[in-house]
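First, one chain by itself in structure tokens, the form predicted alone.
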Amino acid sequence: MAESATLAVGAKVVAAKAKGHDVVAFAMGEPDFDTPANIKQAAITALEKGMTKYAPTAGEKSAREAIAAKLTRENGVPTAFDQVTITAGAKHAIYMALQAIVEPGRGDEVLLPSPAWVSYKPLIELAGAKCIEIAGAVENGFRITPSQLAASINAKTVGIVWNSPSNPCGIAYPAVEVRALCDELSKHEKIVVISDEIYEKLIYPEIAPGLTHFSPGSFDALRHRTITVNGLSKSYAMTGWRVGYLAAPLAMAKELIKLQGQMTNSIPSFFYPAIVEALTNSADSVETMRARFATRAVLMHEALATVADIRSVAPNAAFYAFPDVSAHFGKTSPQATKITSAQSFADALLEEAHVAVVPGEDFGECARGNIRLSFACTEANITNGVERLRTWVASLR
């Protein structure tokens, strides 16, 4: 296995800063906001009260009930607490879901709309399945179509990993398009839908009027075979807490909880009151952060439009822009680096202009000409960093 491309770039940024370079980092998908004070206080209070012992594998009942209520109320996914397990981040939940649905050695295939987050493909392969990428065209805002989905399904298909809003594309599918894709999936009874909805609250109708989130688990024909994955990392600025969760049909949930009991058991017990606080009393904080991200999305897209010979889809969700820089392949940088790929473009940009971006190769075959920029950073960082990018690109020959 290769290491995560995003984490690899993060390590390069640390190394460059250690050398004294002033690096503008667009690499990590991590909000620059602090965790809201009321959420932190809930954990502090629980810790002070001695909530430091083992918890049930799936988590304290109160936190599971809060998650179930949230999914039922907000997502239209009818959920009881015993269908929920709380995991060590959403990545852990996706890992377990894939381990549960894939039978190694059987020739299973799992579909992956791409460009897609760098960890999905390795997680699919670790489970023992072949990853079948379905490429979303930049002309269609990186979104796949029902006809593409239908053409990718065969007798070996056991699952699909779905992610909207999307990392790395920074787009959310309109609800009508998700329903159309769900219609197609409903024709194939053995396909399990793993829906990663970690960015669900970071949608910007200010940019795409009428845009809303739609959960595949709310689709009647798929409810009995959808595993909904989410967490508190992105919307609540809680990345370091490592709080994820999944909800599944009860028979699936029981098996997933058994698997978790042989892996990590529970997350720290004093986090559970913080989960309840986040889901029941933090909507204002989430909205404040969402509105700032929407402003940054516009700023990032307008700034990228000033960079010569790149193509970019306007981000309307999450906190990423994913421009195509392939028009610059074949050129040479000021320090004589030959630009032949997104990787060499990103490496030279960091070395020469001290701007960190994530190259597109690990986001899918269709993303080899792209780079990912996170705007989970200050407006000044966006303006400064893209200006450095613009100047450096103009110097390529």
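These numbers were taken from a predicted model, which means no experiment stands behind them. The first residue of the sequence shown is number 1, and the count goes up from there.
Although it is not shown, the form predicted in complex with pyridoxal-5'-phosphate (PLP) is what the next lines describe.
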Work out which of the listed stretches, 147-155, 98-106, 279-287, 160-168, brings a heavy atom within 4.5 angstroms of pyridoxal-5'-phosphate (PLP) in the model of the complex.
160-168
Since only the chain is shown here, I'm wondering whether residue 196 would be in contact with pyridoxal-5'-phosphate (PLP) in the model of the complex (any heavy atom pair within 4.5 Å).
yes
Might residue 233 be said to contact pyridoxal-5'-phosphate (PLP) in the model of the complex, defining contact as any heavy atom within 4.5 Å?
yes
Is residue 310 one of the residues lying within 4.5 Å of pyridoxal-5'-phosphate (PLP) in the model of the complex, judged by heavy atom distances?
no
Using 4.5 Å between non-hydrogen atoms, is residue 94 touching pyridoxal-5'-phosphate (PLP) in the model of the complex?
yes
Identify, from the list 174, 89, 141, 268, the residue with a heavy atom within 4.5 Å of pyridoxal-5'-phosphate (PLP) in the model of the complex.
89
From the list 117, 322, 293, 214, which entry has a heavy atom within 4.5 Å of pyridoxal-5'-phosphate (PLP) in the model of the complex?
117
